[in-house]
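First comes one chain, alone, set out as structure tokens in the form predicted on its own.
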Amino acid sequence: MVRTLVVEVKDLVKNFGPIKAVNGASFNVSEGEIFGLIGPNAAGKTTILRIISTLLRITSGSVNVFGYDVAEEADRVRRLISYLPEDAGAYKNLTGRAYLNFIARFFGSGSETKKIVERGLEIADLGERIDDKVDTYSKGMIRRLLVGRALMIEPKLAILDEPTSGLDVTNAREIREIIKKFAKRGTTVLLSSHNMLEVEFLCERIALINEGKIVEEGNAPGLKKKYRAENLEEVFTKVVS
């Protein structure tokens, strides 16, 4: 079965003054796929996600989401996506429940808002703490709330930058299972991580990025076989060396 292309990145370049943060990156993400961008800090992962999310302008190249140009048709793109930055925060003076209610009102009204919030509560899974103020939450609790916010609207494309940042092993595993569940429901997922083991568990395909360039792409078993490696960290080391 041929999958519809959701994200098409071609020869993408992004400069910040003399710094070339992204240097000719190209890759595609297909409908219903969990696709991972992995690499070290400052490799260009977050910059690419921000461009796809319409938050940064392109220096050159092109990016299309569901056929819409992110530079020329940003409003159309924003209606189809949800973006979770690594450094995202929530309104500290609201309770977790009030925060989800506040966000849900942008995407529905009446009974639809209620359904959106119920999904967010289920994903965040904060128990009685959901009615405490966000400024009393741990980093891990805030992250769970934010993952709930990002996925509760059932976006066509979820863009997740380090989705399990700050979570312990148990919570990170639960969030990975939630991401898989939403992908099965039809949400395409593009995520970045420097945790290569996590990406190996989660993603159908991955792109290795280094110094703003895609240096290898494929699925984890295929890449490990190609480079005779036991894990993706070893694959990455062999590719960049």
Ligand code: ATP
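Values in this document were obtained by computation on a predicted structure and should not be read as measured data. Counting begins at 1, following the sequence as shown.
Beyond the structure shown, there is the form predicted together with the named molecule, which is absent from this document and is the topic of what follows.
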Exactly one listed stretch (36-44, 197-205, 178-186, 66-74) reaches within 4.5 angstroms of the named molecule in the model of the complex by non-hydrogen atoms, and it is 36-44
Inset, instruction - Considering only heavy atoms, tell me if Glu86 and the named molecule come within 4.5 Å of each other in the model of the complex. - result: yes
Might Ala229 be said to contact the named molecule in the model of the complex, defining contact as any heavy atom within 4.5 Å?
-> no
Given that the named molecule is not shown alongside this chain, does Asp125 nevertheless sit within 4.5 Å of it in the model of the complex, heavy atom to heavy atom? no
Joint contact, Phe27, Glu154 and Ala158 to the named molecule in the model of the complex, by non-hydrogen atom at 4.5 Å:
no
Near the named molecule in the model of the complex, with a heavy atom at 4.5 Å or closer, the residues from 16-35 are Phe16, Ile19, Ala21
